[in-house]
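Only one chain is included here, represented as structure tokens and corresponding to the form predicted on its own.
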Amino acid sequence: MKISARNTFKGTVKSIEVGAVNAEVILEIAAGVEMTAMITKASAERLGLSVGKEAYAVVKASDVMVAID
């Protein structure tokens, strides 16, 4: 796989919540570290996502903000 996004995180699908249109996918990218993505239901099906399967979180953003309390 080659991709232009600089931030890719390999992980394991921890859970998938499928709705009428979208699917919430939680990837565990390290022990105790999770990333959540909202993708279309059709994309989840096309990718053949299932719990325990390896997948990549790909983050493509032009800005990243930092905040403090």
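Quick note: we count residues from 1 along the sequence shown, nothing fancier. None of the values given here were measured: they were computed from a predicted structure.
Separately, the form predicted together with a further copy of the same chain exists; it is not shown, and the next lines address it.
Colleague: In the model of the complex, does V51 have a heavy atom within 4.5 Å of a further copy of the same chain?
Modeller: Answer no; every heavy atom of V51 is more than 4.5 Å from a further copy of the same chain in the model of the complex.
Colleague: Can E34 be called a contact residue for a further copy of the same chain in the model of the complex at 4.5 Å between heavy atoms?
Modeller: Answer yes; at least one heavy atom of E34 falls within 4.5 Å of a further copy of the same chain in the model of the complex.
Colleague: Just to make sure I understand: among 44-61, which residues lie within 4.5 Å of a further copy of the same chain in the model of the complex, judging by heavy atoms?
Modeller: Those in contact are R46, L47, L49, K53, E54, A55, Y56, A57, V58, V59, K60, A61.
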